[in-house]
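Shown here is one chain on its own, the form predicted alone, set out as structure tokens.
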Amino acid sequence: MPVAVKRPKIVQDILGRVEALGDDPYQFLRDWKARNDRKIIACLPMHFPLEMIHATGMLPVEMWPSNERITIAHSYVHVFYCGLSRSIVDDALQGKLEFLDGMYFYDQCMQARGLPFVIERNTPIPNIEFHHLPPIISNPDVVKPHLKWNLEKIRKSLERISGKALSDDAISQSIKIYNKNRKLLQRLYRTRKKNPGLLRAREIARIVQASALMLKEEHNELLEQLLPELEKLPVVPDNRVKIFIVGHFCHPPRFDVMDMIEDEGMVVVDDDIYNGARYFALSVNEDVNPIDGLADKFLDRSLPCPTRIDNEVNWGQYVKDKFHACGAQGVINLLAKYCPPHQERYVDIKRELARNNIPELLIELEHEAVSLEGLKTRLQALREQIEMGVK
């Protein structure tokens, strides 16, 4: 176990703040809206051009699953939809999202395509929008004109909702603010790699989750206070087994599971999850027209994603390279149950890791329940396999 290091009060305060935000994001957003008298637009996570919403003066936030059991939604969507899809519908139908001024969906997966129509028909939430962002990116040169056309449609939609013109200059300014946030989060991850025992995996994930819910300027200010304090702390000796986490492309991680990983004698040194490194992996080119920059980021093939079809990219090779780069000793793959894109492509990872004798554990997680005792045994087995050098 790492040697305990006393963290400054400002660090503890910031970590407590983001933990509270993640525990009750709805109240945080209601309070923010009341203080600032600005509209809030919720979007499906991952690929939506949030910078365009930010440029209107509205607050873009990414949709998240509730911590509560799903009830009403099962009368409207299939029980074999992923937890995120069912939870979004459930919260909307229970009236928990009525503070929103709009919701933006796109064809991220088969399940996502039907959600806006259920919500629009059964709730008073205004401005339920569905936009087409090409799910096939194997030939970016062919796809880009269509993508730019759809980004212009989004621009017109945002102008209608916000009641103001959305200029290229405004979008460019928002891109700079978002890129700054990405650079600060990358700096946070570099600090974690050098000193993995300094912050728990759940604390890192909470910081990233806060970025998806806060105004970016406010989150940038938070990181600018936090990072210098963390970087001043001494490196913590840590002989725990080093783990690289993969998966959860839309879902935030189960924090109890992340705690259990580290409580069982392992430490997360890096990740490839959406509430982690994937969130800030790609920046937008600031030296081109902003619509071109946003389109190029969407079509960037250097970050494989199973929700975007690109059969020429070997996802397993990508994970293997990331694993070696961070100095990990094993891989834990978090798979949200009923996520067809991840299930389809998981075999690429499994095959590549097995071929290279890299220890790996697949954990399939549900919204409703997970057998933590059974999981504890499997995590102990992975740790012992790595410690004994079993291939």
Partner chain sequence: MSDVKVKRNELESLKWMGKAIDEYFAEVRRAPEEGKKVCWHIAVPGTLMTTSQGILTIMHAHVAAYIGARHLMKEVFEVSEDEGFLSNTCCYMRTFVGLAMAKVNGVKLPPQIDFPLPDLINCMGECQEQFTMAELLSHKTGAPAIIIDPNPSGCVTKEDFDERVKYLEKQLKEVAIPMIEKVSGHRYDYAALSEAMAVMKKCAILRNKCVALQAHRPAPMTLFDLGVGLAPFIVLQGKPGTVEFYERFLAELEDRVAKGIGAVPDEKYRLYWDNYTMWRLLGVVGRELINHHANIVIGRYPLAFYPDVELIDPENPLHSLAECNVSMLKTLYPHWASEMVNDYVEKFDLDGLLMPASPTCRMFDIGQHDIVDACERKHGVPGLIFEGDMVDIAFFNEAQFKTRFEAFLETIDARKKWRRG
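Positions refer to the first chain, counted from 1. Fair warning: this is a prediction, and the values are worked out from it, not measured in the lab.
We do not show the form predicted together with its partner chain, though everything after this point is about it.
S.K.: Give me the residue from 115, 208, 246, 84 that has a heavy atom within 4.5 Å of its partner chain in the predicted complex.
M.R.: It is 115.
S.K.: So its partner chain isn't shown here. In the predicted complex, which residue out of 76, 318, 279, 178 has a non-hydrogen atom within 4.5 Å of it?
M.R.: For this set of options, the contacting one is 76.
S.K.: Is residue 335 a contact residue for its partner chain in the predicted complex, using a 4.5 Å heavy atom cut-off?
M.R.: The answer is yes: residue 335 has a heavy atom within 4.5 Å of its partner chain.
S.K.: Taking its partner chain as it sits in the predicted complex, is residue 37 near enough to touch it, meaning that at least one heavy atom pair lies within 4.5 angstroms?
M.R.: Residue-level check for residue 37: no, no contact with its partner chain.
S.K.: Is there any non-hydrogen atom of residue 301 lying within 4.5 Å of its partner chain in the predicted complex?
M.R.: Judged by the heavy-atom cut-off of 4.5 Å, residue 301 is well away from its partner chain in the predicted complex.
S.K.: Report yes if any heavy atom of residue 132 sits within 4.5 Å of a heavy atom of its partner chain in the predicted complex; otherwise report no.
M.R.: Yes, contact at 4.5 Å.
S.K.: Using a 4.5 Å heavy atom cut-off, which of 147-155, 178-186, 233-241, 210-218 contacts its partner chain in the predicted complex?
M.R.: Correct option: 147-155.
S.K.: Could you list the residues in 92-112 that come within 4.5 Å of its partner chain in the predicted complex, counting only heavy atoms and keeping sequence order?
M.R.: The stretch touches the partner through 107, 108, 109, 110, 111.
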